[in-house]
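Just one chain follows, in the form predicted on its own, and it is written as structure tokens.
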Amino acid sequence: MTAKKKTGLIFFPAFDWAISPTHPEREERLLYTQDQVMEEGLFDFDNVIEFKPGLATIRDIDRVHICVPDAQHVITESHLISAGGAITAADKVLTKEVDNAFALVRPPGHHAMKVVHGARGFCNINIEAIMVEYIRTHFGHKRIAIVDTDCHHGDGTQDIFWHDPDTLYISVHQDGRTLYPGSGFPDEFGGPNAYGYTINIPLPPHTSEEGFLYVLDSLILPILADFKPDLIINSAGQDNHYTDPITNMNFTAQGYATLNDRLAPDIAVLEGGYSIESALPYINVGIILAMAGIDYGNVREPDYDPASIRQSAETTRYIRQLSSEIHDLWKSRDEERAKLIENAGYLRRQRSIYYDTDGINEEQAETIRVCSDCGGVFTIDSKADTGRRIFAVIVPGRSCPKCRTKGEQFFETTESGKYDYVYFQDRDKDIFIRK
């Protein structure tokens, strides 16, 4: 174990928000954990400190999202408190009040993309992304790595940072061919100005502790060492557990604790995890102990049976080969980017996006300026079957003069009559305009 660390905990179970009274995404997800934390006496340790969540602002959301028609129409107060809890965790770490912090908050967020027409994957706004841009606005530029350990691919977080070379997004998840949202494959490697800074590690169903920790040690930690982030954030989904009702993996509470001990995140933010009684209280206690540098060796689920959840030899071989191939992709990212952008002034991607929670279909065209000096200005033309069509111009953080000028020109010359709304989002100057 590492030396003891001062660890902040922020709880927000969102009593007034649930998909439905019996849906797994409801307040009981955290109530059992709170009971377990109290029962185990974690607050008796002088290095484990609870903080109350703050309240995120609409400006915090507008710094990240293009909400249609605006943020107030897609959120509740619970979403502001959930995002505010993550921001509180960041504040406590960045002001050095604690060494690290764990935001145990809901509703979750990692399926919420840049444009938000409604809810998808139980997510309305992206909690970690809002926290990341809050950090950069209030504490200066940071190179940030987000390691997403939720069983579902974090397609929303990937989308938001797709063009950001200062954010490394690593997602380790159940193979999208077998689970929602059906994405997160190794060839999803980032936009032209941030090629290589999106890393997807799709694991086969029934991967156990052995497979997850192999990927961590042989792939994730070496990539982090190359990237040299100022901060590591764990998007801490817990639905890889062997008892989770909506996934097919075999991770354990002890495995989650070991992963966090080795990863050593500065901030962890809760995402999924729907085995409310059988898994979450044990996983969360294990993670808290690991982050605080306290012995977690005795954390065990009552029904823990290592033989019944051991991965097959075939799965082990597959994971080792996959890890090797992804590491080769990482090492060759600069050469591959040069091929991708050769003679390209602008690149375009067309996508169809489904909001499964709200039943909305979106058609989206994104165009980015290829740039060697910043993340690149880009535009989004988005139309949903709600009848709303919008156009957005996004100027990246630390934008170069050429991208800034282009972005301002795009916004000024766009014919607003073609669209319901036209947006201008400037992460560099912290400006958000809708017309």
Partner chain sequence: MILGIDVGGTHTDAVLLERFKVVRKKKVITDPENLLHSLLEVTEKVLGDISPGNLKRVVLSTTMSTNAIVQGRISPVGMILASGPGLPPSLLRINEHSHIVSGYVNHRGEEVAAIDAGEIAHIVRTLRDEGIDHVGIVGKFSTRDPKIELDIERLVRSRFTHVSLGHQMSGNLNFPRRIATTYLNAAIWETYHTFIRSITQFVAQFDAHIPVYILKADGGTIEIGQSTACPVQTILSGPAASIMGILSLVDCVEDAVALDIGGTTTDIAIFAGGVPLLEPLGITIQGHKTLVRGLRTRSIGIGGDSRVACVNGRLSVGPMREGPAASLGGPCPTPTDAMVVLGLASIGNRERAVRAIEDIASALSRPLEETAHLIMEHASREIITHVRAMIEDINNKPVYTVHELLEGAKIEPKAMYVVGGPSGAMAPRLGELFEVPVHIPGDAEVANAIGAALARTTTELTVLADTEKGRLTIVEEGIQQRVERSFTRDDAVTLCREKLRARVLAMGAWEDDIEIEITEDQSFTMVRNSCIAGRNIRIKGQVKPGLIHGARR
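Residue numbers count along the first chain shown, from 1. Please read these numbers as outputs of a predicted model, since none were measured by experiment.
Beyond the structure shown, there is the form predicted in complex with its partner chain, which is absent from this document and is the topic of what follows.
**Student:** If the cut-off is 4.5 angstroms on heavy atoms, which of these, Asn343, Asn298, Ser308, Ser352, is the one near its partner chain in the model of the complex?
**Tutor:** That would be Asn298.
**Student:** So which of Asp381, Asp60, Glu40, Asp70 gets a non-hydrogen atom within 4.5 Å of its partner chain in the model of the complex?
**Tutor:** By the 4.5 Å heavy-atom cutoff, the listed residue in contact is Glu40.
**Student:** So in the model of the complex, does Pro302 come within 4.5 Å of its partner chain, heavy atom to heavy atom?
**Tutor:** Flag for Pro302 set to yes.
**Student:** May I ask you to state whether Phe12 is within 4.5 Å of its partner chain in the model of the complex, using heavy atom distances?
**Tutor:** Phe12: contacts its partner chain in the model of the complex.
**Student:** Just to confirm, Gly191 within 4.5 Å of its partner chain in the model of the complex by heavy atoms?
**Tutor:** Gly191: no, not in contact with its partner chain in the model of the complex.
**Student:** I'd like to know whether Ile276 contacts its partner chain in the model of the complex, with contact meaning heavy atoms within 4.5 angstroms.
**Tutor:** Output for Ile276 is yes: heavy atoms within 4.5 Å of its partner chain.
**Student:** Exactly one stretch in 52 to 60, 400 to 408, 372 to 380, 386 to 394 has heavy atoms within 4.5 Å of its partner chain in the model of the complex; which is it?
**Tutor:** Result of the contact check: 52 to 60.
**Student:** Taking Leu168, Asp217 and Ala292 together, does each of them reach its partner chain in the model of the complex with some heavy atom inside 4.5 Å?
**Tutor:** Zero of three within 4.5 Å in the model of the complex.
**Student:** Scan 58 to 91 and write down, in order along the chain, each residue with a heavy atom lying within 4.5 Å of its partner chain in the model of the complex.
**Tutor:** Going through 58 to 91 in order - heavy atoms within 4.5 Å of its partner chain in the model of the complex - the hits are Glu77, Ser78, Ile81.
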